[in-house]
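To begin, one chain is listed below as structure tokens, in the form predicted alone.
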Amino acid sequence: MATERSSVPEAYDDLLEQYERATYLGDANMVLSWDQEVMMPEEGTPARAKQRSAVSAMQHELLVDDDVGAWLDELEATELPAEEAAVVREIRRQYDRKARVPTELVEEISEVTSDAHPVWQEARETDDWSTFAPTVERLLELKREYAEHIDPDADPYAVLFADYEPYLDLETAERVLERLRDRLVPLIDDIRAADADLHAVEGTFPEDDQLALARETLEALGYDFDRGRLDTAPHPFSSGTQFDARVTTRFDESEPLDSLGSTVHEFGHATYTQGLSTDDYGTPLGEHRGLTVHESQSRLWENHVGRSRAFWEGFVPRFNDYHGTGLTPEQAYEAANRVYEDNLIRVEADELTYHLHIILRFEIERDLLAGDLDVAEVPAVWNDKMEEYLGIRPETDADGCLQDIHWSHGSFGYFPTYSLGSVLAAQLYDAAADEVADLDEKIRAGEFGPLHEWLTDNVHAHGRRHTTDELVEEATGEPFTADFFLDYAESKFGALYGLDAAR
């Protein structure tokens, strides 16, 4: 529902008009970023870095204009309707953070991150962390400076984390990660010790067939191609607005389930974006709540739908038709939920070991930001932690510390939201299953609309009306908790691997 503005001061309209212009610039910058990662010619980086830097500076200046502060002061002294008050709350939060950061620093961060993307790509292709290390060091310096401007007395990592998850604090993230580590490590150990031989999909599966199946899967799930598109990228991602929400995936001809899972994951992000209010585009009411909630949507569709028994009971004929396999629904379900002993790559990880990948990155990032770890030491520390947490050791930097794109974006503090989102996905799905009659039967029949509608009504359509914790409690009737995920994981994988139900 569009915001009613007739009953609020003129300052509200002025504030909203300024914020909308800044949002449009940010969205244009997002398209420039998408193009750089998907379609831009290899030699386009020098110009693109300048373009994105200029747009970032213009957006920043609009948001930190003195008039914005004056309008906010006036509106905060006024009793506003709930939606308008939420808009003011969200803009105030951004203003207070951004106004402390010099425009010149914003420009420099934008330019360095644009320049960093091809450096990361080349380092990954040549398997050489040392060629990327100076860029990482520079980005860390800039991000420390950025955090110090916002709050010189706070932990820099906590300041950066709040860029991605503004309302669940770092202590909450640490507490969740510790609970996951404490409960999942013994569960994974039990799984690896179990005498279970889950089915695996083996063979060669042409990329064209995987792409065709990915597109058909998106259509079946309800992706609106009139407001989106499917492309490939070295690191799958989704970006856009409610009018243009794009997804990317990638393909390995020996791993057809990876591209399918990646596609369903990015669909979850895109369907959240497409479910945002079109009437409120340009305002906080038309923006996603934060990356914890965003990731909850991708992990819900990837894991609670795409890796469910009900999904494969309905979907396996389509998979068999495209790939010439003869899988039974149970074989496909097992293959989609194998817990790997030797997986090095986070985006290809199973549902359980995935979180140990996140914990590893979180610990390295924190030490880097604090100055307790030298950038040159990252490969060795990464490999040691991989061996400690997952029992495997990368033989190359490409399969180790160079596998993720995030540090080339300067996205320090981002990784915890992946696990927080997974935790929230289980809580939301449990609530949806209570309220959507026969949800498993609907998924089995390929009827995804009721789940999509529940998520839109309870999550997507609210934009930023609520804080994260308020949104979770409104949607589920419970405070944010890891209990639902841990119970779900132990029940699901305990059954799959024949573990003692009393563990």
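Sequential numbering from 1, following the sequence displayed. All values reported here derive from a predicted model rather than from experimental measurement.
Only in words, not in the display: the form predicted together with a further copy of the same chain, which the text now covers.
- Task: Have a look at 20-28, 7-15, 475-483, 490-498 and name the one stretch with heavy atoms inside 4.5 Å of a further copy of the same chain in the predicted bound form.
- Result: Heavy atoms within 4.5 Å of a further copy of the same chain in the predicted bound form occur in 20-28.
- Query: Which residue among His294, Arg338, Arg246, Arg144 has a heavy atom within 4.5 angstroms of a further copy of the same chain in the predicted bound form?
  - Reply: By the 4.5 Å heavy-atom cutoff, the listed residue in contact is Arg246.
- Can you pick the one in Arg229, Arg100, Arg93, Arg179 that has a heavy atom within 4.5 Å of a further copy of the same chain in the predicted bound form? If I apply the 4.5 Å criterion carefully, the residue I get is Arg229.
- Query: Ala57: heavy atom within 4.5 Å of a further copy of the same chain in the predicted bound form?
  - Reply: Within the cut-off, so yes.
- Query: For Asp35, is any heavy atom within 4.5 Å of a further copy of the same chain in the predicted bound form, or not?
  - Reply: Asp35: yes, in contact with a further copy of the same chain in the predicted bound form.
- Task: Evaluate Arg465 for contact with a further copy of the same chain in the predicted bound form, applying a 4.5 angstroms cut-off between non-hydrogen atoms, and reply yes or no.
- Result: No, no contact at 4.5 Å.
- Please check if Thr456 has a heavy atom lying within 4.5 Å of any heavy atom of a further copy of the same chain in the predicted bound form. No - in the predicted bound form, heavy atoms of Thr456 and a further copy of the same chain never come within 4.5 Å of each other.
- Message: For the stretch 41-65, I need every residue with any heavy atom inside 4.5 Å of a further copy of the same chain in the predicted bound form, listed N to C.
- Response: Residues within 4.5 Å: Pro41, Glu42, Glu43, Gly44, Pro46, Ala47, Arg48, Lys50, Gln51, Ala54, Val55, Ala57, Met58, Glu61, Leu62.
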